[in-house]
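Only one chain is included here, represented as structure tokens and corresponding to the form predicted alone.
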Amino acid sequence: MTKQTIPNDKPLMCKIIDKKEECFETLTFELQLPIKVQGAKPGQFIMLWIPGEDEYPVGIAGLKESILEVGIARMGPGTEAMHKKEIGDIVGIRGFYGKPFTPPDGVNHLLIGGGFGMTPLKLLIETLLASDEKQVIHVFEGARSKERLMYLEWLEELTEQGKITFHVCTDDGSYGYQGFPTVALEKFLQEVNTPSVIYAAGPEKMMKFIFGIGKKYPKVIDMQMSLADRYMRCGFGACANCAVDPTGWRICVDGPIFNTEQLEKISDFGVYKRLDTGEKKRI
């Protein structure tokens, strides 16, 4: 069957074929697509439609053949509706939207995530591991407690296989070291002398702090960060509700992944974001 693109004029209806608890208040779903589609790239997103309830952006955790994996954290009525769905139920998707991570070869890949920001990083890890080039991958993950760590068993398995180096921590010390993932990130940057690229996804305040760390080290040749946590309504740039100051870039089409040069031009990065009303809210 020839691979196709998902039509954007209406949602593509998909069947839920698997549902499992990933971590506290977060479920992983596998959706069976009725067609084989062009592969999603790490950092892109879909618009997930819950019939009769809501539509909202969701990061892509994986895509194999025609099975799409997404992670959904319970955050409000829309995500609550998805959590109530069962295997066999039907939902709709639009996408794939946005610009992805663009990892170069020959560098240390430093992936750092918080909360459901680990979702797009999972697909990035899989993409790097599938590369023909040998990749050096360090994953930094932090959460309030062990029960809130995403993809823990999978990441530990990759560590045991020697495919990645996993730096894990919790606020309460229930798993890994007690503290924040930025501590291990900076320690690594102090010790390494080879070029590195930082990829980050999660709370924007955390990413702003990471951005400050990365700028201190010339060996960090680029930082690519996902602003997918911003409010996005349409997914393809028509409403401009996700525009950032002062560039006017729309997160859904000009992002959600932005590199170092772009992030330096976004004055509201890590400072404020817009609500669905257009009103600014401090982060």
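The first residue of the shown sequence is 1; numbering continues from there. From a predicted model like this one, the values you see are computed outputs, not experimental measurements.
Only in words, not in the display: the form predicted in complex with a small molecule, which the text now covers.
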Within 4.5 Å, heavy atoms only: does K19 come near the small molecule in the model of the complex?
no
Using heavy atoms and a 4.5 Å limit, would one call F236 a contact residue for the small molecule in the model of the complex?
no
So, F29 and the small molecule: in the model of the complex, are they within 4.5 Å at any heavy atom pair?
no
So, G88 and the small molecule: in the model of the complex, are they within 4.5 Å at any heavy atom pair?
no
So which of L68, A228, V244, M223 reaches within 4.5 angstroms of the small molecule in the model of the complex, heavy atom to heavy atom?
A228
In the model of the complex, the residue from L129, V136, V192, M75 that sits within 4.5 Å of the small molecule by heavy atoms
M75
Name the stretch, out of 184-192, 155-163, 99-107, 114-122, where some heavy atom lies within 4.5 Å of the small molecule in the model of the complex.
114-122
